[in-house]
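Just one chain follows, in the form predicted alone, and it is written as structure tokens.
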């Protein structure tokens, strides 16, 4: 018997689904890069950094102005943006959040929330005043359109952003699992008080965690500016997506952030194609609510150990 031939419509539907999943994977990698830095802070210090979106915005502008002012190639601009973001992240914890470590605050989590939220508003307002609200764009590393499998079209800058995100995520995983710094972070994740008792320098490790988180957020902003432009409020949607990723994957779980980032990318891509592009920001929130309904700690959430 002869096999029934695939109809042109079914073939087109399959190609659309494959292209949607590939594009969702590409943006999901960058989403994971956004979320993993925020989750690193929560895992190490059990606090929420509401200035995470501002660090993303700072990274995007840093890459733009480094390229504009010095003519530096995009890879150098991304590294420069990471340095700027890392320094700002270190400053936030070492200076603004210092009372959390050097005094006995009654409610350190609330103090951190207020300080980082205020810092986010100040950074957005300062960018609007000093950098103007205009949208900025510069040419990325690969402005051409590439074709995969003969039918999947993707901008080269999107592919570069995905590869850059994967490299940085792999570097973070190596740092967490195979270095003394990572072992210190994992000790704080399991129990901060216990780590402090055995002599772990909590303040130093927290500073480095904030610096690493800031560098990763800035890198995400730098690689996405050629795709989504730079503007003062660009970090507002990012902080929402980052929290969705963190809650999906599980508070304090690096692996969970990776899974959460890809889930959000797939949800937005599939929802935009098969439901409607006008509800893109809602799909991740719906999945988050469903996950929390059955898994309150997220997919890979970990509980804090008691002394």
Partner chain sequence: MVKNIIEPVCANRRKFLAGTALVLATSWSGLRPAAAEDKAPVVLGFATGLSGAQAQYGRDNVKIGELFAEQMNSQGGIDGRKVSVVSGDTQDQPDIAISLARRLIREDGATALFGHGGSGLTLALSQALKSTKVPLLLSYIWGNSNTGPSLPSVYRIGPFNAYVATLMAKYLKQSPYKNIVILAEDTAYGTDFAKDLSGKVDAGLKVETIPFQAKIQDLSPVLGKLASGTQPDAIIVAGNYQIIYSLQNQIPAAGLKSQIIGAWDYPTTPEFWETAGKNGVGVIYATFTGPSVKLTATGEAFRASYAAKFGRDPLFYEYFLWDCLNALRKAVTDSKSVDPAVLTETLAKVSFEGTTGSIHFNQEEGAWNQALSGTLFMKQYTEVKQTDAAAKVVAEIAP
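Numbering follows the first chain given and starts at 1. Being a predicted model, the structure only gives us computed values, none of them experimental.
Another form exists, predicted together with the partner chain; not displayed. Remarks below refer to it.
Colleague: Counting only non-hydrogen atoms and a 4.5 Å threshold, tell me whether 19, 128 and 153 all contact the partner chain in the model of the complex.
Modeller: Looking in the model of the complex, the three residues 19, 128 and 153 all sit within 4.5 Å of the partner chain (heavy atoms).
Colleague: Find out whether any non-hydrogen atom of residue 228 is located within 4.5 angstroms of the partner chain in the model of the complex, and reply yes or no.
Modeller: Residue-level check for residue 228: yes, a contact with the partner chain.
Colleague: Is residue 135 one of the residues lying within 4.5 Å of the partner chain in the model of the complex, judged by heavy atom distances?
Modeller: Taking the distances in the model of the complex, the answer for residue 135 is yes, it comes within 4.5 Å of the partner chain.
Colleague: Examine residue 273 and determine whether its closest non-hydrogen atom to the partner chain in the model of the complex is within 4.5 angstroms.
Modeller: Because a heavy atom of residue 273 falls inside 4.5 Å of the partner chain in the model of the complex, the answer is yes.
Colleague: Please run the contact check for residue 70 against the partner chain in the model of the complex: heavy atoms, 4.5 angstroms, yes or no?
Modeller: No, no contact at 4.5 Å.
Colleague: If we take heavy atoms and a 4.5 Å cut-off, which stretch out of 75-83, 166-174, 135-143, 212-220 is in contact with the partner chain in the model of the complex?
Modeller: Answer to the contact question: 135-143.
Colleague: Could you check which residue among 66, 254, 44, 27 gets a heavy atom within 4.5 Å of the partner chain in the model of the complex?
Modeller: Contact residue from the list: 27.
Colleague: With the partner chain taken in the model of the complex, which residues across 168-189 come within 4.5 angstroms through any non-hydrogen atom?
Modeller: Nothing in this stretch is in contact.
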